[in-house]
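To begin, one chain is listed below as structure tokens, in the form predicted on its own.
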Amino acid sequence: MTTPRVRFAPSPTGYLHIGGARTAIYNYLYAKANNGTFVLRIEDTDLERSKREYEESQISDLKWLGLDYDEGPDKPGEFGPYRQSERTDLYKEHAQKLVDKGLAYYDFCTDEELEVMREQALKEGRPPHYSGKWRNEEFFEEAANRLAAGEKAAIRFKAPQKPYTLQDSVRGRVVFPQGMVGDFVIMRSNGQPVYNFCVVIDDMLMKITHVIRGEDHVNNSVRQLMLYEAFEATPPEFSHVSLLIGKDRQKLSKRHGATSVNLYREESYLPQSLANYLCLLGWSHPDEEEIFKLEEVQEKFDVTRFSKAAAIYDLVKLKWVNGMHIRKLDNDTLKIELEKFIPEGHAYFSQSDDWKARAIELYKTQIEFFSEFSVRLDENLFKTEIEKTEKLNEVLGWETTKQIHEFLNEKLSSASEFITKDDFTEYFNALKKDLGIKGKQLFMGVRVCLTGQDHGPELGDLVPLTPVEVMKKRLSNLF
């Protein structure tokens, strides 16, 4: 088997889209699984919209996701350059080869002439293909003269009128019928190559063996197969993966959540979480695992596990995945990351190392983002203001709650900075034994009195972390 060479080829006309990131992940994993080479190629032939700042941003996002490519603009290899804007001479050279072989020709048609041809074809019920005026030998001499006079012309490829078949690892056998495309432009009159042409030249010269890309590129394949045939080159093996759609089954857009990787970085998602989730949108783990790092699935990655069905992008599931990766962090690493999101001067920083460790242990199973940690600390451990909800008022209306309130007020009046878990258990048992309060009235009454809330973490873990002064103020604010 030939050592695989795969590529990710983004266009630097915007930030890295999550659909593009998923494509990059699949190519990266395929290269890793097969000891192959992962190439980054920048498709910047759209000179007006392409910007170097977008290229730099996309490269930064790829590296953030852990996708370290083997060759690219900043990692030159023997098949460079790796920006299409720096490969124009190669495209012109190969376009001329096709002209010399009689497989392409110069076309001087204006946009107005092309529009007339298109409208006439539609009027006659024919596909709006190019009529082939400059394809005919009778115009070759005129074309040569006009070129010699300095006129600019596009170069069109002579599309063979026969069926083409794509054997795709995901889609299976895809047949493109005869006449699906007419003669198409490969070089514009301004000297710039067209997408389908430069992609073939690049993949051919860079010895790309496998192409994994979105299914929206399936119809591009027929033009590319024609060009490979014209150059007597073997096409790469294609895998057209399903597109990402929203839960409403519409094409993914901003209304479904952030669509660019940099926004997820700004929202403090873990890179391994986003990579994990994107990997599962169209590919299934052989062991049905949902939580993993990319390096953990490298050896298991196989294109046969791609799904034909569109992948539904679910922001709720992504948040869950992020929370699961937070829980997988060791506590030392988690502490470092969490503290980056706690405001300077927060009460957390004045607590003991043991207190911090217990607080982290308590909340790491309840948060999906690092930023939620300090919010939970404030709500459960330091907040003294009471929000009188309907449910909380119901509990406060019980006679047993007033008894609990009086009992805890007395106990806490002589307590030190914190009470221990044993202290809390003793209070709880005394309420049950001496005052005869049981069940819901006991549990809810104690919770409301000590936390000022009708829900939250286990009291046995929460109360020993709550400063006594905070609990005293809550008790005084309840009635």
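Nothing here was measured: the structure is a model prediction, and the numbers come from that model. Counting begins at 1, following the sequence as shown.
The same protein also has a form predicted together with a small molecule, omitted here; what follows describes it.
>> Under a 4.5 Å heavy atom criterion, is Ala9 part of the interface with the small molecule in the model of the complex?
In response: Heavy-atom contact with the small molecule at 4.5 Å: present for Ala9.
> Is Glu43 a contact residue for the small molecule in the model of the complex, using a 4.5 Å heavy atom cut-off?
Replying inline: Result yes; Glu43 sits at the interface with the small molecule in the model of the complex.
> Does Phe139 make contact with the small molecule in the model of the complex, using a 4.5 Å heavy atom cut-off?
Replying inline: Result no; Phe139 lies far from the small molecule in the model of the complex.
>> When the contact criterion is heavy atoms within 4.5 Å, does Lys92 count as touching the small molecule in the model of the complex?
In response: Judged by the heavy-atom cut-off of 4.5 Å, Lys92 is well away from the small molecule in the model of the complex.
> Only one of 179-187, 154-162, 194-202, 370-378 gets a heavy atom within 4.5 Å of the small molecule in the model of the complex; which is it?
Replying inline: Going through the listed ranges, the match is 194-202.
> Looking at Lys364, Arg83, Lys402, His217, which is the one with a non-hydrogen atom within 4.5 Å of the small molecule in the model of the complex?
Replying inline: The option sitting close enough to the partner is His217.
>> Only one of Arg213, His325, Arg223, His210 gets a heavy atom within 4.5 Å of the small molecule in the model of the complex. Which one?
In response: Partner contact (heavy atom, 4.5 Å) among the options: Arg213.
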